[in-house]
Ligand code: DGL
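Taking the form predicted on its own, here's one chain by itself in structure tokens.
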Amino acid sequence: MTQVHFARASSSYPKNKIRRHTFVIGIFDSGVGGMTVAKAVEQLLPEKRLVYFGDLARTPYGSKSPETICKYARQITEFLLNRGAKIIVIACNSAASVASDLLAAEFPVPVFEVITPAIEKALAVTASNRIGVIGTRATIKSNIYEAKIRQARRDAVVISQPCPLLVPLVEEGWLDKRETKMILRRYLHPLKHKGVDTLVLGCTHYPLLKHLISPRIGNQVNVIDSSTAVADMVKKYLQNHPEMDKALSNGGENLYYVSDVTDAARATAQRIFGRNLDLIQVDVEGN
């Protein structure tokens, strides 16, 4: 078993918020987008505690190398394990595309990711087998969606489009700006031209732009968001593993950590959850 070296949080971390022997579901993303997954887990498993980490100080991950993303994913996983995580959910497509196997091999806890559930949903609803995927550069370059879709259905046609500007726009809270609409139109044009009937949102930030994406790709196109699917996968896992379900703590406060706090992050979190969140700033880099 790989030895786990726990990352050191900054002195601003409120240690009294976590009780000893509290076991939780740990969720992480490169920023606030993964809160869509956290909300889905909250809604589906309201009795379970969760701890979330959003890496706002180092977002976006999509423009970084696989080696850097893996380094960040390790640091954050160690941080979450030190906060009692018994399950890890990678709510970041960039991290999932390059680090999910690594985390599963190195850490002795179940690791869930958002890619597999999204693919399963896409394959279930497509009629033409023409599936579009939008994501960060790292996700698209990894080719993980095309490989997994083609593995499951050899005759599927996958059209992928990197959208590097979308995560920064979401993180800045530009969810209804004219510039965002123009950029989306340009990104989606090749997919629309090639006649996809299903579009996978290959980044957990993108559901926050779904109200802009759907009319620009075409309202008849199935738009796939993996947040509810991965939450359902975690619930089914707990149903099939009662010992883990029993080990996880019931009741108490869900905690939301970030590596940086911005007004835009607070506003986006409030928009996702419909309530104000206490975003706790920590440093997971250690020495």
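As the structure is a prediction and not an experimental result, all values here were calculated from the model. One rule holds for the numbers: they count along the sequence shown, beginning at 1.
Omitted from view is the form predicted together with the named molecule, to which the following refers.
| said: So the named molecule isn't shown here. In the predicted bound form, which residue out of Val167, Val133, Ile76, Ala118 has a non-hydrogen atom within 4.5 Å of it? | reply: Checked against the cut-off, the match is Val167.
| query | Does Gly54 reach the named molecule in the predicted bound form, with heavy atoms at most 4.5 Å apart? | reply | Answer no; every heavy atom of Gly54 is more than 4.5 Å from the named molecule in the predicted bound form.
| query | For Pro60, is any heavy atom within 4.5 Å of the named molecule in the predicted bound form, or not? | reply | The answer is yes: Pro60 has a heavy atom within 4.5 Å of the named molecule.
| task | Can you check 258-266, 41-49, 26-34, 245-253 and let me know which stretch has heavy atoms within 4.5 Å of the named molecule in the predicted bound form? | result | Flagged stretch: 26-34.
| query | From first to last in sequence, which residues of 77-108 have any non-hydrogen atom within 4.5 angstroms of the named molecule in the predicted bound form? | reply | Heavy-atom contacts to the named molecule in the predicted bound form: Cys92, Asn93, Ser94.
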